[in-house]
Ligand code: ASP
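Next comes just one chain, in structure tokens: the form predicted alone.
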């Protein structure tokens, strides 16, 4: 059994957090490969190490001394070393980084040092071997990960050893350090799990898994115990604060289960994500897996007599959006009319150009805009097999006084997309959650 475990910045903010991490790892001998982020905030007014490193680089670029900022970074890491009683020479690493800043270090290399130093400390604390991400995570010239080369290198480096790996960065073909996007340590963890063909990839953070609804709207929503990768994709697309697709794809591709856990509550099982679940593991009676949504949409409805039988009419509408590089989130069709649902921020100043283009090419009878729309996704892999699913959903909305402005359901019947007025967004979420529990 091999588990690759990744710990985020909130799980590494201070010495007490490092101790929690070690306790978690020591409880399961299968946790042999550990991926770490840079230390996060210890308290509300504190700073994330990565933010301080970005600030250092900005100071240098504007010809301003970064000494005060770098001193804060130095203090965080030396304090960690002293409080944990470590022997790793982090002071020498810090001196080398400071010297490179004076010589013209790249932004990517500088901001990656938070993860590098965090992994050095954690390796010493656990008694594991340190494996630098720059020694295995390889990027192609276009910035994409070269999975074949990277996987082979990590397999050779890790072997059967217990190792700690810094997340967030790798190396370009010319030897330069290159970083992933924010949250890149999640990607590193997933890539490491896929490379080593782990039995489980555990992602430890500050929440006990993925919640069924937004906790800012629903008080103490339940955690989703079991989630398929397809459901995760649906929830993240519509705005749920879950893992980015690039941090999921490597493990999904290899068929590796992903377990999201809480460092502060390690006894909680969290959310387990798999491609599919056996029937005996399904929760009896549960209709909806989760609810996600966001505000800021506009419905653009195009009406023309006889359009339903006209060849290419819908394509002409979509071409108008494509011409101005505006993605259409959802579409709904009716007799002689089509509606396109678009995010306001992506429509922005090009709205009238798109409408003009559609007017010119299609000569519709009417183009109607419905603004201030919120879109919700009701996601559940069992909805397609349960009679009355839609009836329960719309009855709950109706009893809460929510006026539905748009309905769409995908061919996989994995979700039902609902458009409501923005003022009804929170009541709609609460009404839908009421039939989840």
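Residue numbers count along the first chain shown, from 1. Keep in mind that what you see is a predicted model, and the values were worked out from it rather than measured.
There is another form of the same protein, the form predicted in complex with the ligand; it is not shown, and what comes next is about it.
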Segment assignment from 268-276, 355-363, 184-192, 214-222: heavy atom within 4.5 Å of the ligand in the model of the complex: 184-192
Listed residue that, although the ligand is not shown, lies within 4.5 Å of it in the model of the complex (heavy atoms), from 33, 378, 38, 375: 38
In the model of the complex, residue 389 touching the ligand (heavy atom, 4.5 Å): no
is_contact(residue 202, the ligand) in the model of the complex, heavy atom dist at most 4.5 Å: no
4.5 angstroms heavy atom contact with the ligand in the model of the complex for residue 168: yes
Those residues of 101-134 which, in the model of the complex, come within 4.5 Å of the ligand by heavy atom: 115
